[in-house]
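This document opens with one chain alone, in structure tokens, the form predicted on its own.
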């Protein structure tokens, strides 16, 4: 019996074409993927919804929350074995992680996209979409959380990131690797995420900034964020999570104002932790009250802090929430 799959389109390169006159990649007025319904029905019974038709740089956390709400509503109304979402690749990892944090379901939720638009040689959109539908229909995908399927690989939402501007193998999980592989005949999972988290929220009223540290960084940008009254900050620190000494007074002032500061490393691999005791070192920042987290990059830490600050559970403790990664 064919599986029942909900297919939600949000836009991105997978639904775009190359303009022959200008050479620019632009959105189609009609999503070309909607013309492939008969081909997709070979693999599952497909119900299609077009939530948005946006280039992925236009995607916001508010869109992500709306997408979460659409999925929840659809799952309440109709039984589905899995959900597949087509998405632009620039922010795909962020939407995947947001949904992983805010959807309380064990059915497979799969995001996929394309690096080549629909009318160019070697277009990867339909291939990736078929692979995503196959994974969403796979019993072994049940309970694995939100997954990203691209280029014959299956990645966990928390670990995956876009690593190349244009290569079809752009989506990788540094330090962790894919959790599964796709062949012409099989879907093979070789490990699973250790844990899953769920946080409920109704709106996104808080604001979180993200800053990447660099040698000789001046503190004025931290002061500007403080004056703009952001509700939280994520810092991509140097190495294991260190910052230039010039930033320490500003970080202290923000913490004194009860603005949570979460620190990750700007490195792809390794663990962010409070080790060094010099001025600006991680141990010093940890003693000041900064929160260290590992296993997620800066953009995902920003989303996690945004979700935490807007959550409906008053008992959620930030330090525990970020130490659980």
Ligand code: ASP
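Residue numbers count along the first chain shown, from 1. Just so we're clear, the structure is a prediction, and the values are computed from it rather than from any experiment.
Omitted here: the form predicted in complex with ligand ASP. The next part is about that form.
- Heavy atoms within 4.5 Å of ligand ASP in the predicted complex are found in exactly one of 68-76, 139-147, 85-93, 204-212, that being 85-93.
- At least one heavy atom of residue 56 is located within 4.5 Å of ligand ASP in the predicted complex.
- Using a 4.5 angstroms threshold between heavy atoms, residue 154 stays clear of ligand ASP in the predicted complex.
- In the predicted complex, residue 114 approaches ligand ASP with a heavy atom inside 4.5 Å.
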